[in-house]
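Before any questions on binding or motion, here is one chain by itself as structure tokens, the form predicted alone.
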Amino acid sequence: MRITSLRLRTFRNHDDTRIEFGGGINALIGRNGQGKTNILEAVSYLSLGKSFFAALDTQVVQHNAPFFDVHASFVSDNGRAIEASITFAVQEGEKAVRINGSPLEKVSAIVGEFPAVLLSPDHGGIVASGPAERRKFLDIMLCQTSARYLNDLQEYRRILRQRNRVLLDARHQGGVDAGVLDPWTEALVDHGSRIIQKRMECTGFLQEPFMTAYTRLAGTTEPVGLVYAGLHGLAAGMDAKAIGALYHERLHVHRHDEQRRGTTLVGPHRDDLEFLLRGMNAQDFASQGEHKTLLIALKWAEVLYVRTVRDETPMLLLDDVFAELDSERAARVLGQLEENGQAILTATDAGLLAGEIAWDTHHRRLRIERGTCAPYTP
């Protein structure tokens, strides 16, 4: 999937910006606060129906503007041209999404149509912080590759809220009615088991490309790995039925604690993805440079996963990635970018992109300044 053009209207600090992209590396160059990241955010709206950066729609529209509009042209890997747009109206508080002029019934229906992989400074927590960021990473990737997963995740979250409400009421009332709790438990296990199975399968796929990318980027053969940490007793190759039986067992073990605390203590909403470096948990001892390299390697593996499952190469969005890399690792990243599909990256200094890139109509450099876009001239 390639994006060939993009138009932003009253989106962040872009009044009316039009951008033409090349099929290779597209470098958006400019000082901080000029609107570079806003362009990546606009592409994310067309990938997820919302901002990759967790911003509210009302925060994205310009001050006092009645709407924002993002319109783009894409070309799929098989050469099919597609037009897409997403508009948010402030007064109505609603988003409208269209593909080739036809409205979609739900905003979430656009998820996966234009797959993208984002790497930004905000993603450092995937490796270095708590498990919530790692679960979010898995969920975004899997929602873009599986409509069933997206539905299971939406339903799981809805059911979890209801089950927690029952448990909280039971804590205040001194007991729980099994007839009230059990239906929510059954539904939770049904959707949750498929979520866990999909996450485990995905983690297994990511292993090899993650290790390969880390070795290439770090210039070392140090062993790295990924481990999906979930229900006690989980094993590779388990199907949803076996996971469901284990899930029921663990819920039974924790039933009294759940009623005492008024919340669900077991399930994919509490699972984790662990990074191993030299056989140990990387979160505990890896250096800042190793954290960064692990994260970039994970994103390369994500690109391969999405491309394999969807049979469509995702767009790669890199926000200020090169600022924290030494020149040697930056050169390796650029070299690997040339071998992949389309990439859109931001940089404050064109010197950070030093390398053997031939900047032309395929690999393009663009200057972003005060919400405008123009060809970059040194």
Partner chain sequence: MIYTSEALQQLVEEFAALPGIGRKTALRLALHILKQPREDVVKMARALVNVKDKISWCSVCSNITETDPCVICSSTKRDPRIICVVEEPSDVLALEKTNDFKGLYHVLGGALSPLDGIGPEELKVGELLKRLPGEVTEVILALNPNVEGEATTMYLTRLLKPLGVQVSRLARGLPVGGNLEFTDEATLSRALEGRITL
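Positions refer to the first chain, counted from 1. Everything quoted here is computed from the prediction, not taken from an experiment.
A second form of this protein, the form predicted in complex with the partner chain, is not displayed here; the remarks below concern that form.
Listed residues K292, H191, R199, H123 were compared with the partner chain in the model of the complex; H191 is the one with a heavy atom within 4.5 Å. Contact with the partner chain in the model of the complex, judged by any heavy atom within 4.5 Å, is made by just one of N100, Q288, Q162, T221: Q162. Each of A147, G179 and A187 comes within 4.5 Å of the partner chain in the model of the complex, counting any heavy atom. Although the partner is absent here, P183 sits close enough that one of its heavy atoms falls within 4.5 Å of the partner chain in the model of the complex.
Among residues of the shown chain, D272 is not one whose heavy atoms approach the partner chain to within 4.5 Å in the model of the complex. Though the partner is left out of this view, H256 does not reach within 4.5 Å of the partner chain in the model of the complex, counting heavy atoms only. Contact annotation: E155 falls within 4.5 Å of the partner chain in the model of the complex, judged by heavy atom distances. The partner is not drawn, yet in the model of the complex one stretch among 300-308, 67-75, 80-88, 162-170 has residues with heavy atoms inside 4.5 Å of the partner chain: 162-170.
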